Every structure is written in C-alpha cells, then in structure tokens.
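Only one chain is included here, represented as structure tokens and corresponding to the form predicted on its own.
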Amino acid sequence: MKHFNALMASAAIAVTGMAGAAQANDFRLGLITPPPHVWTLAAEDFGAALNEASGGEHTVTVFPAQQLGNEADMLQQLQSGALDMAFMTVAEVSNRATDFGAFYQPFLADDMAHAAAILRSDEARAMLDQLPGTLGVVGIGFGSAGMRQILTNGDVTDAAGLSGQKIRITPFEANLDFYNALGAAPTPMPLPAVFDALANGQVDGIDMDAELIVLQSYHEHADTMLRTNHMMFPMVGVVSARVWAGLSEEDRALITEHMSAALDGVLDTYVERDDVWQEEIRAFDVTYIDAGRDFFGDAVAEWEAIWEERAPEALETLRGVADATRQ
C-alpha cells in the first residue's frame, strides 16, 4: 500500500507540473457549514479577493450547508474534477489519510491560540504533501473551528455521567475511539439534523464547538455545558488535483496566496472569538462546568494507546510541535 501511495503521489506531482495556459474560470467551492458560519464567510472573502486580484477573470461560487452533498460526496467530486475547491474538515481527510487523525489527540492543544500555533507549524503544513497521492486534492493550508465542547442533558459531573449517553459526533475514527472509550454511544449525524435531534431526544447531547452552539441555539434543548476543550477541530482548504493540473503557475500562486490568507483569517477569528462565545454560553440557562483532562478518567490514555499503533510518527511529530509552541 505504501508503494502504491508513493506511485500515486509521484503521478500527481507529475500531472500538477503540467500547468495549462491562464484562462478565466468560475470556480465552485463547497462546504458543510451554514451561511453565517466563519468558514462560509471566509470562503466568500477568498472569492472576492481572487476576483479582484485576477482583474475579474476568476470568480468563486460558494455552496454552503451541504448543497453539494456531505463531505464524502464533495471529496468524490473533487477527485473527479466536478468540484474545484472545498473547505473541508480534517476529520473527513483523516478517514482516508490516517496520519491526520493525530490532530485529534485529546488535549494536544491547550486552547484555541495553541491550536492555531500547531496548525501554522511547518510540521503540520508538511503533512499536506500527502494529499495529492492519497486523496486526489492539493492542500493549501489549515483553518479550524473552535475547540470541542460537550453540550448535554442530565447530571454529568464526571465521565461516568456520559456513559450510555447518545452523543452526536462528526463521524471519524479518532472521535469514535474517544467516545467509545468514555462508554458513551457516539451517534454520527449531519449538522442540519442536529437541532431537531437534540430537541426531540434522538440524542442526549452533542460534541460541538462554541460558535455553533451559540449560532444554532443548541443550548435551548440542553441543560449542561461541559467546557472541556478536549480536541481541536482543524479544517483544510483544498483544490481538486485535476483542476490544479490545468492551472497556470500564475493562477496557482493567486489561489494559494488568497486562500491561505482566508484560512489564516479563520484561525485568527477563532483565537479572538472562541472565549467570547464561551462567555455567551455561560450566560445561558444551563449548568456550566469547567472540565479538563482529569474529568475523562482513563479515556484519554485509552485513545492514546490506540493511536500510538495507528499513526505513531504523526502523533510523535505533533506532540513535539505542541510542546514547542506551548506558552
């Protein structure tokens, strides 16, 4: 398999080296987040900046809220060239490129500022080199959502209170492993279905960032907020490798420059706003509990044991980056 991936990567590099002549393009960019979300706004900013920088030759039409399907659907479209670009969770990437699961080590990052420093590191960016060969996309850079929290119902004063609870999660192995270690019942569910599922009791709680808890009013149907900061939740900006192969070097440079700036702006926004959203939640009619690593008992160690087998080098690398960037 490693030999196959190496051949795929070599082929992708060879293809991407044959840039076509510059031409006007209306690029299509897909994402799963709703229109008011930071990622969606950043995608629109990127489109406006690229349009201006190209003298109006290039436009970007943004398709938010899973209009083009879920992330697995969009990845297939990217691989075929039917979709040009996407802002995609690293969670989806990690389902196909195991090393990326290492970003989800519980408590790898202390807070959003620390998460941003890890994602801006040379070591994190070097991991993007895997993507043409493994996923058929070119990785431009990382963004993120805020740190993950748990909003739920019931008397949850320690990890035992989560045992058996149906917790809505984004479906990827690293997250499933964490909630299985807790003894919870991880329940994959797309974002548009979460509010109703929480309201009607289909799930007991949700694994979510503070922005969406506030933006989508999820707190209206929960009574306990666990501020855990237990995982970062990275996003990656990608371009279809097939589309990239047909772009001129000038256009590649323009896309890289302006998408990188938009992604960097996403990180800045979450560093600035994550604690603000947390304070908004604190003011809601919920029991608010600050919970750290000790709250989760043995679950963190169980996760680490699993992933030290699955992605040992990536885990060691990111731990080193986390230690080096810790304030």
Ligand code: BEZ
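For every residue, the number given is its place in the sequence shown, counted from 1. Quick caveat: nothing in here was measured; it's all calculated off a predicted structure.
One more form of this protein exists, namely the form predicted in complex with the ligand; it is left out here, but the text below deals with it.
Contact check at 4.5 Å (heavy atoms) against the ligand in the predicted complex: all three of H37, R148 and R168 pass. Contact annotation: the ligand lies within 4.5 Å of heavy atoms from the stretch 28 to 36 in the predicted complex, the single such stretch among 41 to 49, 28 to 36, 296 to 304, 255 to 263.
The closest non-hydrogen atom of L191 lies within 4.5 Å of the ligand in the predicted complex.
Within 4.5 Å of any heavy atom of the ligand in the predicted complex lies no heavy atom of D84.
Not displayed here, the ligand is kept clear of D177 by more than 4.5 Å at the level of heavy atoms in the predicted complex.
For the chain shown alone, L212 is a contact residue for the ligand in the predicted complex, at least one non-hydrogen atom being within 4.5 angstroms. Only one of S240, Q105, T152, T89 comes within 4.5 Å of the ligand in the predicted complex through a heavy atom, and that residue is T89. Contact with the ligand in the predicted complex, defined as a heavy atom within 4.5 Å, holds for exactly one of L135, A184, V156, M208, namely M208. Shown here without the ligand, the chain has only F233 in 229 to 264 lying with a heavy atom within 4.5 Å of that partner in the predicted complex.
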